[in-house]
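The data below hold one chain only, encoded as structure tokens and taken in the form predicted alone.
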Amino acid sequence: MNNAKNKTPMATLDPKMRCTHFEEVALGYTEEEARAEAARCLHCAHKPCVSGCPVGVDIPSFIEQIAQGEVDKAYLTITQTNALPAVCGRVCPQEKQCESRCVRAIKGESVAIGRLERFAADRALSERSSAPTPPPSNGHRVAVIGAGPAGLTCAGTLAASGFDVTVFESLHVPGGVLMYGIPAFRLPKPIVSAEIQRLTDLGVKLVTNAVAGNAFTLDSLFTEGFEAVFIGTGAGLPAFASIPGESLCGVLSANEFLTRVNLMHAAEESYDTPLPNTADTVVVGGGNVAMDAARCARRLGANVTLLYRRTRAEMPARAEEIEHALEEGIRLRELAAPLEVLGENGTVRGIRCTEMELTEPDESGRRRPIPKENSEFVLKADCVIMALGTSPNPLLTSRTPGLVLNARGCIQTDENGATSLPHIYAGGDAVTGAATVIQAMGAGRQAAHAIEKELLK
């Protein structure tokens, strides 16, 4: 037993070095560090950490296996319920989920569950020691639309039960937000590809460049012989601030900016992917996507300012990501909001803002930001990136009569992911709006179990 109150530290690259390239910032645990951290687990009888995991990983068991040096067993334990452990070990907000329930956190820091999950997954992927064997076919076919976290999890769960699963992806590579949205310094793309390879080893088929609602419809999938469909198309339609000047050249959504950098290799000289002048960049927002956009712009050589209308304490981004951004020289202008993007000859030249102040807490306990009188100021900017959230793209849903949506344009489902149409399920951001990777995975897994129950009854 290791009675240390704090987590075993994990090495990271030096901030001055890492903000010049896109190599991974967090370096992971050595085996010695992983076993030391695993020894901090108290193995509580009621397993509170498991109740905080959206996919129900048997956390105490895999941690105990790591402590005993049985890393392959730990990986197999994790993959019983988690289709993408190397991804989740890097990008899940464990501090708000499994780690928040850890008894160790009462008098110190929780066990570093995410870091241990990453350690086990990275070891397995590097050794290719646990490649799955496809199970016997049960004779049923299922189509999955969208190769993001929800779709991949649904596909992997069904394939493990013998279903013939085909995943249709609109982009030229699978992975969804894991490929186009999350930067390589947080989630290296070979890691994503290796996780997806494990699913194809299990028998999952992938069809890329297939835009739902254009290349095919739900009806056409059933005509082709699929018996059920899962929709995991995500939430890729960006929101803007609805202020003057947003149509100027140099104003981008975070989605577009990150896609150009991550998927279209804009940071690499060998690719001819255009980006606006980013010398002075202002990123509007305070979530993980805002941090990703700001840190990418910094790596492109920009002077970056984050503009957030509340304080750092209210920022929804992970504390680790905020800390990394500030370490890398990104400036935070809290309690500030944009009023107008200023331009010259159709190009961004600055952004007019106002200071904000927080009201007294309302009935929900939250303090609302309101403009502060006579507090306007202007920030120099060549590029303005709006990271204000996303909603589902209506391309597929608008061409599917009878599919019930809620007021936000998200697909309405029951607790098992079933939609208003027979044999059609949905999950992830297409249902909830923009959320976390692991929440989308939990929805994909839940829907897969419902599909299995329906087709094998």
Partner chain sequence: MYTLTKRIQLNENTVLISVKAPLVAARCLPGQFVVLMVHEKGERIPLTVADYDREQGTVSMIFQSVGGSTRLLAQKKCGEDLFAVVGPLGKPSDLQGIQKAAVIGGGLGCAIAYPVARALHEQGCETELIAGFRSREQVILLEEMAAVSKHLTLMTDDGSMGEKGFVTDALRRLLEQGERFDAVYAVGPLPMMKFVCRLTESYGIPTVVSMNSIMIDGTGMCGCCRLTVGGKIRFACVDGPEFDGHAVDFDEAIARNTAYRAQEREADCRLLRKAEEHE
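Predicted model only: the values in this text are computed from it and were never measured. Positions refer to the first chain, counted from 1.
Not on display, but discussed next: the form predicted in complex with its partner chain.
Q: For the chain shown here without its partner, which stretch in 140-148, 245-253, 293-301, 117-125 has non-hydrogen atoms within 4.5 angstroms of its partner chain in the model of the complex?
A: Only one stretch qualifies here: 245-253.
Q: Taking its partner chain in the model of the complex as the reference, which of 189, 310, 101, 260 has a non-hydrogen atom within 4.5 Å?
A: Of the candidates 189, 310, 101, 260, 260 is the one lying within 4.5 Å of its partner chain in the model of the complex.
Q: Among 277, 375, 193, 359, which has any heavy atom within 4.5 Å of its partner chain in the model of the complex?
A: In short, 277.
Q: Is there a heavy atom of residue 80 lying 4.5 Å or less from a heavy atom of its partner chain in the model of the complex?
A: Because no heavy atom of residue 80 falls inside 4.5 Å of its partner chain in the model of the complex, the answer is no.
Q: Hey, in the model of the complex, does residue 197 get a heavy atom within 4.5 angstroms of its partner chain?
A: Close contact is absent here: in the model of the complex, residue 197 is far from its partner chain, nothing within 4.5 Å, heavy atoms only.
Q: Since only the chain is shown here, I'm wondering whether residue 201 would be in contact with its partner chain in the model of the complex (any heavy atom pair within 4.5 Å).
A: No, residue 201 sits far enough from its partner chain in the model of the complex that none of its heavy atoms falls within 4.5 Å.
Q: Could you tell me if residue 180 has a non-hydrogen atom within 4.5 Å of its partner chain in the model of the complex?
A: It does: once its partner chain is placed as it appears in the model of the complex, residue 180 has a heavy atom within 4.5 Å of it.
Q: Should the three residues 220, 268 and 273 be counted as contacting its partner chain in the model of the complex, with contact defined as a heavy atom within 4.5 Å for each?
A: Yes.
Q: Can you list, in sequence order, the residues from 177-213 that come within 4.5 Å of its partner chain in the model of the complex, counting heavy atoms only?
A: 180, 208, 209, 210, 211, in sequence order.
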